[in-house]
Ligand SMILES: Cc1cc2nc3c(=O)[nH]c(=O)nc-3n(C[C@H](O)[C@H](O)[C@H](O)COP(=O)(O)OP(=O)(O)OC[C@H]3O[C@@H](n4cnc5c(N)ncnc54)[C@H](O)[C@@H]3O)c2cc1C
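In structure tokens, the next block holds one chain alone, the form predicted alone.
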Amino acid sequence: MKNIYEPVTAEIVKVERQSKDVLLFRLRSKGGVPFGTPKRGMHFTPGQFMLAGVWGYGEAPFGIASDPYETEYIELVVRRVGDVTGAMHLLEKGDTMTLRGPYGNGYPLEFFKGSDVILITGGSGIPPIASLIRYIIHNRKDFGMVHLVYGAKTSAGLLMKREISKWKRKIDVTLTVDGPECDWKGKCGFVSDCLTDIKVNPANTVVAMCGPGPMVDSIEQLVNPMGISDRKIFISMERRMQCGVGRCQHCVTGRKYVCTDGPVFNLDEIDRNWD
């Protein structure tokens, strides 16, 4: 019987610094592609997550940032915040990590098709949104207007800048930082401040969000007055996933397991949830 907690070993084939405390890791299986059987050419759905780790330190959940059509590798964006991620930041090209997954449910891609899409994220919440953007660009004719609104405390905290410059050719991109900076040509203010500039047809618009709780809470208060119903608002929750398979109960919110019922939820599902 297969041990559901047994990870595969993945080799680091690229390390790219995104900010002073964030690295992007490109990972490839040492013995072939370990990311499940391709479905419609994809190894995962944008919004799913992996559990990555270092032997002796443990593992942690990370949203997958790479193109879901890519079959040779996956990319994870890792912010240094504790022992596990601190150990990861000491790794170099050629070293290995452990991987389990992909886990959870991603964004409902078929439901999104035919609609205008607003993508909202902040700080290090960009990875699952990045994967979703890459899917949309692969299938651009299936979607209407696509708006990305991405914010950080400072311009140095905006991640995946090289990719963003490419995305601007295919989708509308708004970048914002909390306060004025020298040489900053984007917007200043919170992500929520930028939404009022977007004109939408609420009957044909869906919203995908990923970011810190306070940001998501404030966005909800703005999106609903735009006329977009809760059933068209999808949130990727960043919440303490540990086993990945609904056994440890570490990520329970209300009656939901974030690891198996999410991490992407329709707002209707989690509104008024309790811890």
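Don't overthink the numbering: it's just position in the shown sequence, from 1. Values in this document were obtained by computation on a predicted structure and should not be read as measured data.
Keep in mind that the form predicted in complex with this ligand is not shown, yet the notes after this line are about it.
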Check your understanding: Which of these stretches, 79-87, 148-156, 106-114, 174-182, has heavy atoms within 4.5 Å of this ligand in the predicted complex?
Key -> 79-87
Check your understanding: Is there a non-hydrogen atom of P61 within 4.5 angstroms of a non-hydrogen atom of this ligand in the predicted complex?
Key -> yes
Exercise for review: Classify P127 as contacting or not contacting this ligand in the predicted complex by the rule of any non-hydrogen atom within 4.5 angstroms, answering yes or no.
Suggested key: yes
Point to revise | Any non-hydrogen atom of Q242 within 4.5 angstroms of this ligand in the predicted complex | key: yes
**Study point:** Partner contact for E70 in the predicted complex: this ligand, 4.5 angstroms, heavy atom
**Key:** no
Exercise for review: Decide if the three candidate residues Y135, D142 and F265 all line this ligand in the predicted complex, where lining means a heavy atom within 4.5 Å.
Suggested key: no
